[in-house]
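Single chain ahead, written as structure tokens, the form predicted alone.
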Amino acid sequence: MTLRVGVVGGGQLARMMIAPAVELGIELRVLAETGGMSATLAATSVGDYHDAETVLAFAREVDVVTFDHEHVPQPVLRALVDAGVAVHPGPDALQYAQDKLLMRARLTELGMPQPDWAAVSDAAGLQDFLDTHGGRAVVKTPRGGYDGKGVRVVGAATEAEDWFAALAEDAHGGQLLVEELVEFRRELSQQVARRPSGDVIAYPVVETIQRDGVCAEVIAPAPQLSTRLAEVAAMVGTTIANGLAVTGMLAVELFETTDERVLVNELAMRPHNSGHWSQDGAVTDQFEQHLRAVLDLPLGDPSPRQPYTVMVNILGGPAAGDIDERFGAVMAEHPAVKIHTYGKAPRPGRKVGHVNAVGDDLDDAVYDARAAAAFFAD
């Protein structure tokens, strides 16, 4: 009998599940927000994921429901569970990816290494935190932020007054998350996969390079990472996956500090940009792994195929024309580079694709990936 996986959300993560689903004989169905989205090849439904009846109607046609993003409201998730739908990851886990204040509190209970943090409900509380943390801090809206949105570095409480005013009007208590401004040498990501039956595997730790709050490059595995920190990162990822009962892929974004610690920055409970390298660089890529995990199938080998893989995002795309018009030139100049596009129209700052370069020499892989991605920019 064919296994059927339903993905809520029609973005590029759902799109990149299509190929491994075909290879495994899995029927992939997608509930897209609108027509013509990245995952249109598998979009069997179009509808509002905020509407419980719409999502329930979609879910009745599949064996398990998973997600392209973490934005499905908790009442909709709970309605799925109450209807007997297999939901992976479930609402009890997803709440910690949806609300950063809940995440920080739960990770504190689990004893995970984190920046100092506090929930603040007004400017006075924020100023108190600033006064005890060197006069600068990171302020985040608890819900809805991504790719640098909903994040500010502030040196005075007045710099977040508009956020306090907006949050005071919603149903979440009017609180912001404030965190110490961490001195870090680089950002890392630890991905793990967990089955509903409890098996967990960890991918190699990778280095992520951010530009303007957006992931621009990933190097796998993270170069010059000590064995001790690699083991700590894997322990952190595994502990969080088990402690939050995550099912599917989990990405734990980390800071590697200047005093040789790792601190948890944020979580994503789905395939993640920091794992795109695995499509061409790992024995089992994150998209196949996610499908295996949510179906409670044996997990695949996460080992690297080559000493290094470098992923570079295509951000924005060409100012004129389509991305595919550049394929010929890229392929001629960099025949070993793998190109992955998302079916999105070019737009400044938008993630419209990525390239992967693999090899024995890190400098060569970095050059190839960057040069290939540059063909798509003007």
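Keep in mind that this is a model prediction, so the values were computed, not measured. Sequential numbering from 1, following the sequence displayed.
Not pictured, yet referred to below: the form predicted together with another copy of the chain.
Colleague: Would you mind picking the one in Leu110, Ile209, Val283, Met235 that has a heavy atom within 4.5 Å of another copy of the chain in the predicted bound form?
Modeller: After the contact test, the surviving option is Val283.
Colleague: Sort through Glu61, Glu53, Asp48, Glu325 and report the residue having a heavy atom within 4.5 Å of another copy of the chain in the predicted bound form.
Modeller: For this set of options, the contacting one is Glu325.
Colleague: Where, among 176-184, 283-291, 152-160, 209-217, do residues come within 4.5 Å of another copy of the chain in the predicted bound form by heavy atom distance?
Modeller: Selected range: 283-291.
Colleague: How about Met16: is it within 4.5 Å of another copy of the chain in the predicted bound form, going by heavy atoms?
Modeller: Flag for Met16 set to yes.
Colleague: Does another copy of the chain come within 4.5 Å of any heavy atom of Arg136 in the predicted bound form?
Modeller: So Arg136 does not count as contacting another copy of the chain.
Colleague: In the predicted bound form, does Arg78 have a heavy atom within 4.5 Å of another copy of the chain?
Modeller: Although another copy of the chain is absent here, Arg78 would stay clear of it in the predicted bound form, with no heavy atoms inside 4.5 Å.
Colleague: Spell out, yes or no, whether the shortest heavy atom distance between Ala83 and another copy of the chain in the predicted bound form is within 4.5 Å.
Modeller: No, Ala83 stays farther than 4.5 Å from another copy of the chain in the predicted bound form.
Colleague: May I ask whether Thr2, Leu41 and Ala332 all come within 4.5 angstroms of another copy of the chain in the predicted bound form, judged by heavy atoms?
Modeller: All of them do, each having a heavy atom within 4.5 Å of the partner.
Colleague: Hey, which residues along 290-304 are within 4.5 angstroms of another copy of the chain in the predicted bound form, non-hydrogen atoms only?
Modeller: Result: Arg292, Leu297, Pro298, Leu299, Gly300, Asp301.
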